[in-house]
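As a starting point, one isolated chain is supplied in structure tokens, in the form predicted alone.
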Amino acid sequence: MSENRKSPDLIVGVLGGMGPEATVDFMSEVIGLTDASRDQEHVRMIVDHNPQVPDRQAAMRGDPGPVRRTLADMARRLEAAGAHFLVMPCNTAHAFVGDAVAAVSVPFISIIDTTVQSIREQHPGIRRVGLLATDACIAAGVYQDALRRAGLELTLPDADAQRRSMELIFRVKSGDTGEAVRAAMREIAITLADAGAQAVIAGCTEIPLVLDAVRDGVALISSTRVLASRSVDYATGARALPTDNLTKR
């Protein structure tokens, strides 16, 4: 690493707080994925860490307006603060992000689209993908749409496994990342592999806090890490930043 390397050119705006530990995990991934030997070579992030975003599960069952308006307000504040592009390390909230995308002129980088793109780029032989995600994320169909566009088939947990998955996600949100939660989450991921999934997407950013592998021969795709990697690439110029918003939902 040359000590003369310039600092990253672009500032990442983060719509965060959904949930708090998942946002911190995303930021940690950005730091870990940045090739830096001194402070000035790290990526600058402006983070709106807002745990008061209304409940996304309830919004999917009822009125989505408060979530949509809150996300739009966050996006506007981040753009006004100087962010060159926006990311949101919460998969479920992407079901409500249309107003936020429309509210700003800077690109909004979709965790959904980038996660699916990473499978096509890094695992071109994979055809069937399992998905661990919240009820609302699955009901919104955001991953289903992206996977279909990419020509990939989808396997979802059965009703009982999905119920247990939601219970585990909320245990993680409450601060429980212990061995029992880890083992139970991995067990659900293995059922997807048993059903034919060649890779499993951790499509809720709480899940990588307790799941780091499925089993040999089955790739685990952390949506948190994928978004962090893409954020570093855009901020440092390793990839050209899109000139339009990626997410139109």
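None of the values given here were measured: they were computed from a predicted structure. Residue numbers here begin at 1 and follow the sequence given.
What comes next is about the form predicted in complex with a further copy of the same chain, which does not appear here.
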| property | result |
| --- | --- |
| 4.5 Å heavy atom contact, His42 to a further copy of the same chain in the predicted bound form | yes |
| Any non-hydrogen atom of Met18 within 4.5 angstroms of a further copy of the same chain in the predicted bound form | yes |
| Interface membership of Asp55, a further copy of the same chain in the predicted bound form, 4.5 Å heavy atom rule | yes |
| is_contact(Val24, a further copy of the same chain) in the predicted bound form, heavy atom dist at most 4.5 Å | yes |
| Which of 126 to 134, 105 to 113, 142 to 150, 74 to 82 lines the interface with a further copy of the same chain in the predicted bound form (heavy atom within 4.5 Å) | 74 to 82 |
| Among the candidates Ala193, Ile46, Met60, Val181, the residue which, in the predicted bound form, approaches a further copy of the same chain to within 4.5 Å (heavy atoms) | Ile46 |
| Sequence-ordered residues of 168 to 184 touching a further copy of the same chain in the predicted bound form, heavy atom within 4.5 Å | Lys173, Ser174 |
